[in-house]
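Let's start with one chain on its own, the form predicted on its own, as structure tokens.
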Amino acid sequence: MFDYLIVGAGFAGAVLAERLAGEMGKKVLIVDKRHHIGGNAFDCYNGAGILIHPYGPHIFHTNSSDVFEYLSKFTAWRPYEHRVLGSVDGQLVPIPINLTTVNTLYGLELNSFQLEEFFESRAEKVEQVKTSEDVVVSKVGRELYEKFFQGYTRKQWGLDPSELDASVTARVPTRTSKDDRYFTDKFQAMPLHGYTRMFERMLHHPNIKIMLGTDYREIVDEIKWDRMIYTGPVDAFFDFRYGKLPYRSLEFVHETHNLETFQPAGTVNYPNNQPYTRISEFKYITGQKHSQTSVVYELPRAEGDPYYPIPRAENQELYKKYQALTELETRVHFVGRLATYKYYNMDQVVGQALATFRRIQEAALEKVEVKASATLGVRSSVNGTVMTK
């Protein structure tokens, strides 16, 4: 008998398994369709001995001390600040757009104050910012929007930015300084020995059992379990009752080269002509020393494993129908990007999982208190004493 059946061995499932087993002594079974733990954050050594991320680069960053301290129980860290270049007009320039980006593209020598005026002079007035296009053109104007955002977004999402929610491009800031870091979070680091090693330590507990290469539907009626943590696609859980929720997928093309380095930064974005959106080089990200180097090309696809919920109003309306069904499932907790149909960074998934655990723990304590109160009431009745709470 398992107290919890956890579907999915990625961040959401692993964090909850570790907390439930380690803090509450629960017996947990984790089931995953893939043949490895770690979900999309899984990493491994390729044939050349280079540590790669099969599902594309996963760069850890967070402003949450709680999340960072929690994960630090299972890994040491290598400080790493990710930098991204964009291939625009035959040049490689920093992304997000910053002072160096504009000066390089236009052959200017602006300072930060002048760059702010430059953006203001090109920005288009938008009465109500609703779409991803609105976000960018209202800040930096149409020319930079077309150079950096329009083509990239069309490739990534299969839709024009004017068809997507403002949240898509709002994630990428515009800077008036020379700060060329892709992220500015308080904590920016990579697991020193990789994500998979971190997951292995997280799940190393006698109360945790793991079944890989298994669809949970194949065993859900054959084993005994009390409650479920579900981290898979929410529409699949309900057999697509209202139809499929739209996702974008990715195809990853890995290459190894007999070079010290392949490109001048961890990631180079290709906003316009190429079929891929970006190329990432793992040695920058992991800090590994090796005579060869490995890179991955990312090609967005309409079909395949679900990676990115497509942020459009009609998709959210469809999700709300499934969300209403989740609220009727008293034995199941829905956690993670796919189960809640929302784009989360890794730290946000960890935070959501920790919050879910706290709610489970608090509910368990309330049950204990109610049971103790009821027992006390029975004893008082037997002793002929009336007590109220």
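Quick note: we count residues from 1 along the sequence shown, nothing fancier. Every value quoted in this text rests on a predicted model; they were computed, and no experiment measured them.
Just so it is clear, the following notes concern the form predicted together with ligand UDP, a form of the same protein that is not shown.
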Only one of Phe187, Phe74, Tyr152, Tyr319 has a non-hydrogen atom within 4.5 angstroms of ligand UDP in the predicted complex; which is it? Tyr152
State the residue from Ile229, Val137, Met202, Ile95 whose non-hydrogen atoms include one within 4.5 Å of ligand UDP in the predicted complex. Ile95
Test of understanding: in the predicted complex, would Tyr45 fall inside 4.5 Å of ligand UDP by heavy atoms? no
Using a 4.5 Å heavy atom cut-off, state whether Arg171 contacts ligand UDP in the predicted complex. yes
Tyr308: touches ligand UDP in the predicted complex, heavy atom cutoff 4.5 angstroms: yes
So in the predicted complex, is ligand UDP close enough to Tyr182 to count as touching (4.5 Å, heavy atoms)? yes
Report the stretch among 98-106, 171-179, 116-124, 257-265 that approaches ligand UDP in the predicted complex to within 4.5 Å, counting heavy atoms only. 171-179
Since the partner is left out here, which residues of 341-358 would have a heavy atom within 4.5 Å of ligand UDP in the predicted complex? Tyr343
